[in-house]
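Just one chain follows, in the form predicted alone, and it is written as C-alpha cells.
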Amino acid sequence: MAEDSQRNFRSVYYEKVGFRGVEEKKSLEFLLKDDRLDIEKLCTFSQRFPLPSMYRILVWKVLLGIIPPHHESHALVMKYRKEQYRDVYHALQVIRFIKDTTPQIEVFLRMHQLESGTLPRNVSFPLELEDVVFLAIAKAMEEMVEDNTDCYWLVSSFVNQLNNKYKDLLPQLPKFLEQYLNFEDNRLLAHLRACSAFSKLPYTLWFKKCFAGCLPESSLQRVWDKVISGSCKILVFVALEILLTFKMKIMALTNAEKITRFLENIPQDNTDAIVSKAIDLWHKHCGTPVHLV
C-alpha cells in the first residue's frame, strides 16, 4: 500500500514538473523486455498513452505485423524485408516505372501497386483517389521515418490496415461525427447544416488520409498511435475537437466552400492541444482502455 502511494505521489510530481510520461515510458520498457512481445498489452498501452518517440517505430512495426512478436526474429525478418524492398525496386526500374529521379513517395506508391496487383499498364495513367491518399500518408510518414525500407513497409502496412480492418467503419465516421457534435455543441451543428457545409467537410483529408497534410508531425504521430493500435474512431474526435476549437471562426462564415477551405488549412500553432483534447473526448465517450501492464 505504501509502495502504491509512493508511486502515485511520483506520478503527480512528474506531471507537475513536466515529466508526465516518465512512469509510462518505464512501463513500456518493461513490456518491450519480454522475449515474446504481448500484442494486446502493447495495443492497450498505445490506446492509453502516447508512445515515446524512441520506441514508436518499433511498436508500430510490431502492431502492423511488419515484424513478429518474437525479439529473436526481428533482425532476420527485417533482412528479408530489405531484400524484398530491393527486389521490387529493381523490378520497377526494369519496367521503367521509376527512375533515379523519381520522388521517394512515388516510388513507395509504385512498389505498393506492384505488390498489391494494382500497378497501371502505363506510368502516365492518372492517379486514383486511393493513390492520392497513399501519397499523402507516405509524405507524412517520410517526415517521421528516416530509413526508406522501414518507411515503405510502415506506409504500405498502414494503408492495408485502413483498407481492410477499417474498410466498413471508415464510411460511417461522418455519421458518428454528426452524433457527437450534436451532443457537444448542437448550435454549431445547426450552423453547419444551415450553411449546407456539414456534408462538405473535408472528410477525405480527415478520415481517408487520417489527417496527413492537416496536422504537423508531432500531433499526427499521437493520432496514428491510436489508429495503428486499433481505434480509427479517434479520427472522429480529432475532427470534432477541430470544429469546437475553431467554433467562432466557423460561426462567422456562412459559405460552405469557405468553411471547408478554412478547415483544410487550419492554423498549426495549437494542434498538440487539439489532439490532447480530442483524446480526452474519445475517452469520455468511448471509455479508457484498461491498462494491462
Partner chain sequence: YLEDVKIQARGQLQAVESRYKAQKRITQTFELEILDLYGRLEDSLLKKLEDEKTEAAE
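All figures in this text were calculated on a predicted structure; none of them were measured in a lab. Residue numbers count along the first chain shown, from 1.
As for the form predicted together with the partner chain, it is not shown, yet the points below apply to it.
In the predicted complex, at least one heavy atom of Arg81 sits within 4.5 Å of a heavy atom of the partner chain.
Shown alone here, Pro52 lies farther than 4.5 Å from the partner chain in the predicted complex, counting heavy atoms only. Residue contact with the partner chain in the predicted complex: Gln172 places no heavy atom within 4.5 Å of it. Using a 4.5 angstroms threshold between heavy atoms, Val88 counts as touching the partner chain in the predicted complex. Of the stretches 110-118, 139-147, 208-216, 195-203, only 110-118 has residues with a heavy atom within 4.5 Å of the partner chain in the predicted complex. In the predicted complex, not one residue of 198-235 has a heavy atom within 4.5 Å of the partner chain.
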